[in-house]
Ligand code: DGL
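In structure tokens, the next block holds one chain alone, the form predicted alone.
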């Protein structure tokens, strides 16, 4: 069973490709939608959230976890790997940044643009990984408004088109545009209309690399029945409604998890609190 973790809906675009490439594998998806967005979070908070979500997936029976969230992959992946997947461990944690960098370098003629959350861009991880692979020029740009627009379902509106065009100002000479946020593939039409660069959605490459990794590490591979379970820390009904746009199909029943005592625990009901609260 393979776990896939994201800050919310966006990682479903990665899961969509993973299931296409590995249709007989079983997946558990965890979207931390109740605490999204991650892009403006401080490092300590990101590490706490990443640990809790990874541990929840381990407790669900996943020995392999794919961190689909670009922000977490850029900031916390090494921490998660050191904490949970060190020498002798029977668990592994993989990210999306290296496959994305490899795909960008293979596609680019020399100038790669990277668009992502403020935290992803500030980490410099994409630039570091790209420079390991070639002498490419890298220009990064934070685009904090794009993910919220997609979450509102506004990706096909004029507002989204204008926002994409605004963020791409000054990037006219990049030949490859790496979409460094899992929400951005839903804005593909807006990107293609605003740039002459090749627009790179890393998700298919992440899926291909995972399939190759499983061939090299058969001890972490096991055919299943194509089962999918979905967990979220927000409202399950809202997650199921919006999630189908990202996954491309209806989601199974979404289970709710919430933080209790520093851990994500299953809850039967979502607690919606209105007004002031005393504890």
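Numbering follows the first chain given and starts at 1. Computed from a predicted model, the values in this text were never measured in an experiment.
Only in words, not in the display: the form predicted together with the ligand, which the text now covers.
- Heavy atoms within 4.5 Å of the ligand in the predicted bound form map, among the stretches 37-45, 226-234, 250-258, 211-219, onto 37-45 alone.
- Looking at residue 164, you'd find every heavy atom of it more than 4.5 angstroms from the ligand in the predicted bound form.
- When contacts are judged by a 4.5 Å heavy atom cut-off, residue 160 does not count as touching the ligand in the predicted bound form.
- In the predicted bound form, the ligand sits within 4.5 Å of a heavy atom belonging to residue 181.
- Although the partner is absent here, residue 125 sits far enough away that none of its heavy atoms falls within 4.5 Å of the ligand in the predicted bound form.
- Residues of 94-127 placing a heavy atom within 4.5 Å of the ligand in the predicted bound form, in sequence order: 117, 120.
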